[in-house]
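Just the one chain here, the form predicted alone, laid out as structure tokens.
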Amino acid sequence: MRLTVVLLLIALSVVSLFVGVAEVRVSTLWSDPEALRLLAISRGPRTIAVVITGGALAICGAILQMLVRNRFVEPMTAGTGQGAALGILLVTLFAPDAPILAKMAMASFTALATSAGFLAIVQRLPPTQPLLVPLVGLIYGAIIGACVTFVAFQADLLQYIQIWMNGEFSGILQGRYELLWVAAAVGALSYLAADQFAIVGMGRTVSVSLGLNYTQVVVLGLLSISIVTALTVVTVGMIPFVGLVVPNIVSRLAGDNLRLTLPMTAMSGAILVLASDIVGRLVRYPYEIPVGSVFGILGAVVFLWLLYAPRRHAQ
């Protein structure tokens, strides 16, 4: 199964390189310097950005689900993505000439704050009502998003804010996506703590009894989620449901061992986002539909199916 996922990811990556308004043919690739230049400046960076974004967001979704002990949440619908957008908005309002690293730092800080707020709210919810967690997350994220939109409207930045609220890759070029490599590094480092995140998913009491520093691992998880989400929002915008759909699909197919499933989760996230990006480029060719819209439709359908699908066994 893992080999199939790897081959599918490679195949879609190759297809992504040759899909677009400017025609590039394999037969004339090495004899056409302009085609090679297009691949190096635009198509290649775009494909890399899509793969990193999909994989990193899927990993963050799996980690967040362990932290809150609920399978129906993910960063982009639980306030983290909206918090990152809030940070970028604050920098734009009060320090418009700030470098991209300042925007990233502020977005990470506000994303961390909103993630911590969501976690604090979740801990007060009754454990016998698991569906309250995603519903509260949606409401919490919507409130933060509404505040961001209101402030942007008052500051005449409404059109600008839409870039952050709906993810798309059409503006990705060489020199404009490299921050995503930091997100890839954070996702890779999260794998080293996969066992600790899995133990945290058993609850505070079990974690402490097993000798785990519960607070430290939770802070590490929130920090990883916040950094990846902030980098994604700063670079390509919000892509909802990736962190919700992918971990649940992988969990149903390969089980709940986070150490074993995290690599497959990352590759599956990359595959689904890459497929959505290709579909967005082809549906209204030569125009594009943002990948956030394509995956939002797909994710909403899968989310409803996950909510109402019968469980295979009692929890």
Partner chain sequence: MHSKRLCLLALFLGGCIAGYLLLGARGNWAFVLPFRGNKLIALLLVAIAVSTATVLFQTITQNRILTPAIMGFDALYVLIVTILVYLLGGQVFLQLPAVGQFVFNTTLMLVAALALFGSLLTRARGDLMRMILTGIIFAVLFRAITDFLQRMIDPNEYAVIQISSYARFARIEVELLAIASVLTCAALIATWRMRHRLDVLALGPDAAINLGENPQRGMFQALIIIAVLVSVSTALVGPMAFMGLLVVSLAHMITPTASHAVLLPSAALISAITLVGGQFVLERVLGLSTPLIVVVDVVGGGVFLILLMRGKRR
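Positions refer to the first chain, counted from 1. All values derive from a computational prediction rather than experimental measurement.
One more form of this protein, predicted together with the partner chain, exists but is not displayed; see below.
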Using a 4.5 Å heavy atom cut-off, which of 171-179, 213-221, 133-141, 104-112 contacts the partner chain in the predicted bound form? 133-141
In the predicted bound form, does every one of Y191, T205 and I227 come within 4.5 Å of the partner chain, counting any heavy atom? no
Indicate whether F94 is a 4.5 Å heavy atom neighbour of the partner chain in the predicted bound form. no
Looking in the predicted bound form, any heavy atom of S293 within 4.5 Å of the partner chain? yes
Under a 4.5 Å heavy atom criterion, is A185 part of the interface with the partner chain in the predicted bound form? no
Heavy atom to heavy atom, is I289 within 4.5 Å of the partner chain in the predicted bound form? yes
Which of these residues, R259, R252, R284, R37, gets a heavy atom within 4.5 Å of the partner chain in the predicted bound form? R284
May I ask you to list the residues of 148-172 that have any heavy atom within 4.5 angstroms of the partner chain in the predicted bound form, in sequence order? T149, F150, F153, Q154, N166
